[in-house]
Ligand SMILES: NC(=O)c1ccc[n+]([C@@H]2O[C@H](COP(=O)([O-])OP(=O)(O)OC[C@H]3O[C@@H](n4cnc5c(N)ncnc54)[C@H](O)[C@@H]3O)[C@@H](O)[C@H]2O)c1
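Quick setup: one chain, the form predicted alone, written in structure tokens, and binding and motion questions come after.
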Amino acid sequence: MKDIKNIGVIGAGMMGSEIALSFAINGYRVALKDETLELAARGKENLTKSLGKHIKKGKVTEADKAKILDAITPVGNYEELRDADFVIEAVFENLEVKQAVWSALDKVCPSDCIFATNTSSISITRLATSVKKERLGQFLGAHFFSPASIMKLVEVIPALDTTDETVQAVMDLMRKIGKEPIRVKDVVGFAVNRIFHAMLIEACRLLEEEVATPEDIDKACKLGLGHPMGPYALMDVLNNKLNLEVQEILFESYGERFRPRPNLKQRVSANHLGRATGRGWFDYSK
């Protein structure tokens, strides 16, 4: 396979922009696309805070900041990805939305461009049906974790027709940007989310049964299990609507063990989605 130099990222929300930053920090040119150029530009602007954390930790210098941001180009249409070597999609966790993205990319990207989806729960093989059969060997999953520019793990998930050459190329690419990739079978939820959401669902049960408060459950996981962040704080960072959507997909595939809890549904109905709305399991309005 040819060297991967030009990166395309579809979706300039928190996950997509952080993935773009992961590549830019490591010297890659990145086209960051959203529905409009304005949304893509806003996604880039939001990276200033993330870059500040990298500078504080000594991973990059203040002098590197402008160069890194210059490597990310906001774009508003698919045509500007016609020279991409690798494109990763990080849009809403919705099958139809993702299929539309891949169908559009399939029409403009080079025939040897590798396609990767950052889906956290949808079958990679099912998403691969969005592209023409000649590209099926170059379609796979590359599931980053939030915040993507900091978290080391990436699940690399081959679809049914993905070639070993493509898998190896993506594993190598992930290592070049400082990640630790693991190869995971194409099952709904892959590896990490099945473990993670089983834990979240049980944390919600503990609250329903009044076993402990969200604050104390978080403290228990941090001090008793060594987790850097408790389940309730983490749900608020990730967005409770997304948490519910993933659990509904897992429930559809695996049944009762992944049934979303009523208290999570209630939070979403009340628009208590987390930090993004100022209130989730905790109140951030102050």
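For every residue, the number given is its place in the sequence shown, counted from 1. Think of the rigid core as the biggest set of C-alphas that the two forms share within 1.5 Å after superposition. Treat the numbers as computed from the prediction; the structure is a model and nothing was measured.
Although not depicted, the form predicted together with the ligand is the subject of the following passage.
With the partner omitted here, the residue from Cys113, Val91, Ala203, Ala159 that has a non-hydrogen atom within 4.5 angstroms of the ligand in the predicted bound form is Val91.
Only one of Glu35, Glu62, Glu252, Asp70 comes within 4.5 Å of the ligand in the predicted bound form through a heavy atom, and that residue is Glu35. Taking the partner from the other structure, the ligand in the predicted bound form has a heavy atom within 4.5 Å of a heavy atom of Asn118. Mapping the unseen interface onto this chain, Phe196 falls outside it, with no heavy atom inside 4.5 Å of the ligand in the predicted bound form. When contacts are judged by a 4.5 Å heavy atom cut-off, Phe86 does not count as touching the ligand in the predicted bound form.
Although the partner is absent from this view, Ser146 contacts the ligand in the predicted bound form, with a non-hydrogen atom inside 4.5 angstroms.
Contact here is defined as any heavy atom lying within 4.5 Å of the ligand in the predicted bound form, and by that definition each of Gly11, Leu39 and Val101 is a contact residue. Checking 92-100, 206-214, 171-179, 130-138 against the ligand in the predicted bound form, the stretch whose residues place heavy atoms within 4.5 Å of it is 92-100. Arg135 is not among the residues whose C-alpha shifts by 2 Å or more between this form and the one not shown once the rigid core is aligned; its shift stays under 2 Å. For Lys98, the Cα coordinates differ by under 2 angstroms between this form and the one not shown after the core has been superposed.
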